[in-house]
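Before any questions on how it binds or moves, here is one chain, the form predicted on its own, in structure tokens.
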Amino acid sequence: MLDIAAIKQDPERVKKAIINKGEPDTSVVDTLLETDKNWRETIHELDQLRAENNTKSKMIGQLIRQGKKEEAEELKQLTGRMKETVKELEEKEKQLSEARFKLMLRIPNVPHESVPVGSTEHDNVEAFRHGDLRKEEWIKDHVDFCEENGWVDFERGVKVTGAGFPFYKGPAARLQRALINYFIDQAIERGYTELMAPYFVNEDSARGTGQIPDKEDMMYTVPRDNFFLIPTAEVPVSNFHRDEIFSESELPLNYVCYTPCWRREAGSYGKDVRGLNRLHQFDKVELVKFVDPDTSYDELEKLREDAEHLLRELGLSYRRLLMCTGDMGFTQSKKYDLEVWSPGQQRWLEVSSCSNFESFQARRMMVRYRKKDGKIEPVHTLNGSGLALPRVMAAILEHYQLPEGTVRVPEVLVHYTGGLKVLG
């Protein structure tokens, strides 16, 4: 969430950010400011009444010792009424505090000044492109290729669970495992600490990273235990340090974590989401950073480079998009998307998003650091996919496809496939 002081200082900037992120109704800002004003006035009134009540309560004993029982009794009745008023004000303060907090959760992050203003994906800016685009007509898309070879079984996945839950078999399963291990090892070499995280999170964790109250409909739930299945390892890993305070010297903290992920992806249909393009369950290696606010945008570029490094090492053609305000998301202040070229489908596939949230998540999670001058402030959090597996798999199966129906293994993965250079 945003700092309430920053909202009060420049509410028009926050309203502009809401509009630029695609929400025309900015009334939540005015409602928040009015609620915050009432809350602070109630606290002030409550503090004054408590102080006055304490003073008068002490006077009762003095009056009794002075033999002024009648005056003491009147004061007792007055303080009794004051205590009732205190209870009423305490309840009012509690309700206003809860309303204020809920309103703050509804306000999106403010985009960084370098983010282009736009409303759709067409307003995103292509900032960089790497590699040549293969366009041979004989290359089959990964869906047909996998079904012909029996490498990915979509039909049995539907039978066992439902659409979007495929089985990987034989060479595809081996390639998937190789990619996971390769991504983790590369991250460790580049200074990340590996975590193995829970696959379920509680409501506080989902709220901490901004999944609620924004993306509830996208998450699978375990109602009996009030758990959410993680949509990304960002959620448990970012909450790993919830309610903690670091020293300045401990930052930055870099984590890498592999998990399966679950997303409902409601409303996703058609050829653009067939096969491995969009799944309800998929594997992903996530990179998460906790950093000093003064270095967070430098750290974003490092994070992006860590993800791009993997694509270059795999020999895949890709492009980097700087996302516009309307296609960036509720929680991000700046976001890059990395997309690989899919020769069999002749289209770009997103495989990574690298985002800076500034202090937006940290304020929700109360992740802070103590500066050298002793002042305590929220850290900045960042995360990026390093990488998401399904579309990387699809791109490899198409990019490295050979005419005889086999797939050449990218050189950097040969070690992870037990020395196999060709799958088929």
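Numbering starts at 1 and runs along the sequence shown. None of the values given here were measured: they were computed from a predicted structure. Each form is matched to the other, and the largest set of C-alpha atoms that superpose within 1.5 Å is called the rigid core.
Keep in mind the form predicted in complex with the RNA is missing from the figure; the text below concerns it.
Looking at G67, you'd find every heavy atom of it more than 4.5 angstroms from the RNA in the predicted complex. At least one heavy atom of D47 is located within 4.5 Å of the RNA in the predicted complex. Residue contact check for R368: one or more of its heavy atoms lie within 4.5 Å of the RNA in the predicted complex. Although the partner is absent here, F360 lies well away from the RNA in the predicted complex, with no heavy atom inside 4.5 Å. Exactly one of the stretches 395-403, 352-360, 35-43, 380-388 approaches the RNA in the predicted complex with heavy atoms within 4.5 Å, and it is 35-43.
None of K76, R134, R319, R264 but one reaches within 4.5 angstroms of the RNA in the predicted complex through a heavy atom, and that residue is K76. Interface residue among R177, R190, K83, K169 relative to the RNA in the predicted complex, by the heavy atom within 4.5 Å criterion: K83. Judged against the RNA in the predicted complex with a 4.5 angstroms heavy atom cut-off, the residues V158, T161 and L420 are out of contact without exception. Relative to the superposed core, L195 undergoes a C-alpha shift smaller than 2 Å between the shown form and the other one.
The Cα shift for T79 between the shown form and the other one, taken after rigid core superposition, is 2 angstroms or larger.
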